[in-house]
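There is one chain below, alone, in structure tokens, taken in the form predicted alone.
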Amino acid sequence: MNIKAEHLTLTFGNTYALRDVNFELSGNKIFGLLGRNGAGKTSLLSIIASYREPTIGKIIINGEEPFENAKIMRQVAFLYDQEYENESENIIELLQGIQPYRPNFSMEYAEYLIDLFKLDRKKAIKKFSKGMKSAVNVIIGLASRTPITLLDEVYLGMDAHFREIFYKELLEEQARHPRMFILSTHLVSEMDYLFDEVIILDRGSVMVHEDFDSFISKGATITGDGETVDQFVKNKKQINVQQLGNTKAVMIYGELTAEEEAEAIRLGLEISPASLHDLFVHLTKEDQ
């Protein structure tokens, strides 16, 4: 599958939700979509899923525009946090209603997931707890087996135990039936090991779109004597600074050469890698 965004812009009145977004996603990968509240994550996913049209620009999926395109729309599933407050059906009835619209839907796999998340087959979904409703969204997203599966913070309400079950099942399902997943999340440190590529939105624009390993390799924290650290990082992009007494730790964004790493060691400085969470938090700070 291939998704291409070309000068994608979405406005609500005079407010920009997305601003001149350009990217291309290809292959059976898990993409992490990150951004602060209001960065445009849900707006972007809703356009990919044909829930809304862009104001300017376009989304192209496998060479075609998806909006009101039944062939393409059947290949995209968009799951997000839902309350199901008016849903009087039980989980089996709900899934049976979805199945005809999803050519790859596996009821056998859905039944397995129902047991895995310990859901009551007879209980009306509107009476489920918040965590159980989140499990319903996960089950629909995984069992539909659509070539493009968009999961917008579907874990909300799940406790840590069931979130871990979700992550494990996601990876196993990706191995069994590879497809394109786009996961929107705020739980960056908890989910980073799932991602093949990372997209960071900031105020409606793409700040980063990069292979996971390449991206995190660009972040490092340099720690040591304050004056020595300052001299070493003076020409680097500094995204966080902490100091305690004479010891200073500066997080930089930008790859170090082998010569620079050797020089840091010679100067008695410590180099430690930055996590995806660290890079995300400090690159998207308001004062950046």
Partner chain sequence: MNDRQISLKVAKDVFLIKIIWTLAFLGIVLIVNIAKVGYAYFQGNETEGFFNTSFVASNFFMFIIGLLAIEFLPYFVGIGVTRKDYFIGTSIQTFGLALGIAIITSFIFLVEKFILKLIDLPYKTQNINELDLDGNILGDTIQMIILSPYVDPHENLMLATFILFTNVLILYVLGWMISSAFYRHGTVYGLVSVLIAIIIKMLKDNLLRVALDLPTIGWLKDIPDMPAPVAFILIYVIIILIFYAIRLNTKRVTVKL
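Please read these numbers as outputs of a predicted model, since none were measured by experiment. Numbering follows the first chain given and starts at 1.
Note that the form predicted together with its partner chain isn't included here; everything after this is about it.
So, a 4.5 angstroms cut-off on heavy atom distances: do all three of Lys130, Ala160 and Lys168 pass it with respect to its partner chain in the predicted bound form?
Spot residues vs its partner chain: no contact at all.
Choose from 235-243, 30-38, 51-59, 216-224 the stretch whose residues reach within 4.5 Å of its partner chain in the predicted bound form, heavy atoms counted.
Of the options, only 51-59 has residues within 4.5 Å of the partner.
Exactly one of Thr247, Thr228, Ser26, Asn69 has a non-hydrogen atom within 4.5 Å of its partner chain in the predicted bound form; which residue is it?
Here the answer is residue option Asn69.
Just give me the single entry in Phe117, Tyr109, Phe212, Phe78 that has a non-hydrogen atom within 4.5 angstroms of its partner chain in the predicted bound form.
Looking at the other structure, the residue within range turns out to be Phe78.
Looking in the predicted bound form, any heavy atom of His177 within 4.5 Å of its partner chain?
Heavy-atom contact with its partner chain at 4.5 Å: absent for His177.
Evaluate Leu194 for contact with its partner chain in the predicted bound form, applying a 4.5 angstroms cut-off between non-hydrogen atoms, and reply yes or no.
Leu194 lies outside the contact set for its partner chain.
Is Arg102 one of the residues lying within 4.5 Å of its partner chain in the predicted bound form, judged by heavy atom distances?
Contact check for Arg102: yes, within 4.5 Å of its partner chain in the predicted bound form.
So in the predicted bound form, is its partner chain close enough to Ile92 to count as touching (4.5 Å, heavy atoms)?
No.
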